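Given as structure tokens, the chain that follows is alone and in the form predicted on its own.
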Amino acid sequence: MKSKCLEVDGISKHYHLPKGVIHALEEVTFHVHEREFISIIGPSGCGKSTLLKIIAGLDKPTKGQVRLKGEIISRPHPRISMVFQSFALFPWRTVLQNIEFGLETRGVPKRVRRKIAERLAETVGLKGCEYCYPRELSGGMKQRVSIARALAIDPEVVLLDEAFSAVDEFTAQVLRSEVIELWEETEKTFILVTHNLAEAIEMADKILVLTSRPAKLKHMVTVNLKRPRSRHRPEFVKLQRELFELLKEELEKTIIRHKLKSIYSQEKIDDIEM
């Protein structure tokens, strides 16, 4: 039986702004087992990426805790790495130097970190591009560098924030297959935030569905489909339709709230004009 790797316990996040308080997350609770692949979906702007940053230790919750094997995460953790939508590469560093960055900050000797970077560059399909700079790479190649950099520090948990949305669909499909292979080979825990329902089903063991803001955990869906998963199979299409309906409910709630707010504002204007 797999043991718990990551626990997200009652996470809330409120932003205090001059014009009021924005409630981004409200009492989000779930746990992830070792070697699981989890996807997080939800309406646009509901706080998915905020939740991922809190898990990464890059942002602090207003309330609640994230624990990695019992240890509270309050800052960036050496056993958690993150792959960003925007690649976040250093333009003045080569492919190898970008991959080495996390190892360099930890004081790993140059010869050791270079060996690790060379091995990972080959693993993610960048052999022959080791001394290229980001400006010389395609979007897909840049994201491969980001993935290799995330794996270089040998984390227990790899977080992917819309990691495939900045590239074309063909490249995204190739990257998805490669990430699944890496997940199977490394046996690490992966958590993916995505707006793409088919992508979530294709990759994840479980899918967490968040509500509209303030985001709460609406539903957890277990994906019992054998890999590799075809998007054309009836059971895949059925699950995609179910997820769409769950999100559609949240979108409709948001639209209704906006309409009610608009009606309320108009009534106030009418009262003033009378």
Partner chain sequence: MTQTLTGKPFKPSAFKAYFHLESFLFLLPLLTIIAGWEAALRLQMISPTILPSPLNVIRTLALNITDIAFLTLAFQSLTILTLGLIAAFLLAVPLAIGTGLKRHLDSAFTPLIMIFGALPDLALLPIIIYWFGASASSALLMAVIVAFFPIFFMVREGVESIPADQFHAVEIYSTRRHHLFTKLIFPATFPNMLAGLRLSYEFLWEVILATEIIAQISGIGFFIDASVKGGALNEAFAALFLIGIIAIIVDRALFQRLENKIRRWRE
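Positions refer to the first chain, counted from 1. Predicted model, so just to flag it, every value in this text is computed and none were measured.
Keep in mind the form predicted in complex with the partner chain is missing from the figure; the text below concerns it.
Legend entry - Contact residue in the model of the complex, chosen from 225, 56, 221, 246 - any heavy atom within 4.5 Å of the partner chain: Contact check passes for 56.
Legend entry - Interface membership of residue 195, the partner chain in the model of the complex, 4.5 Å heavy atom rule: Residue 195: no, not in contact with the partner chain in the model of the complex.
Legend entry - Heavy atom of residue 135 within 4.5 Å of the partner chain in the model of the complex: Residue 135: contacts the partner chain in the model of the complex.
Legend entry - Contact test in the model of the complex: residue 156 vs the partner chain, heavy atoms, 4.5 Å: Contact with the partner chain, no.
Inset, instruction - Verify the contact flag for residue 144: yes if a non-hydrogen atom of it lies within 4.5 Å of a non-hydrogen atom of the partner chain in the model of the complex, no if not. - result: Heavy-atom contact with the partner chain at 4.5 Å: absent for residue 144.
Inset, instruction - Have a look at 78-86, 178-186, 163-171, 196-204 and name the one stretch with heavy atoms inside 4.5 Å of the partner chain in the model of the complex. - result: After filtering at 4.5 Å, what remains is 78-86.
Inset, instruction - Flag this candidate site as yes only if 30, 61 and 70 all have a heavy atom within 4.5 Å of the partner chain in the model of the complex; otherwise mark no. - result: So, no: the whole triplet misses the partner chain.
Legend entry - Sequence-ordered residues of 83-105 touching the partner chain in the model of the complex, heavy atom within 4.5 Å: Contacts from 83-105: 84, 86, 88, 89, 90, 91, 92, 93, 101, 102, 104, 105.
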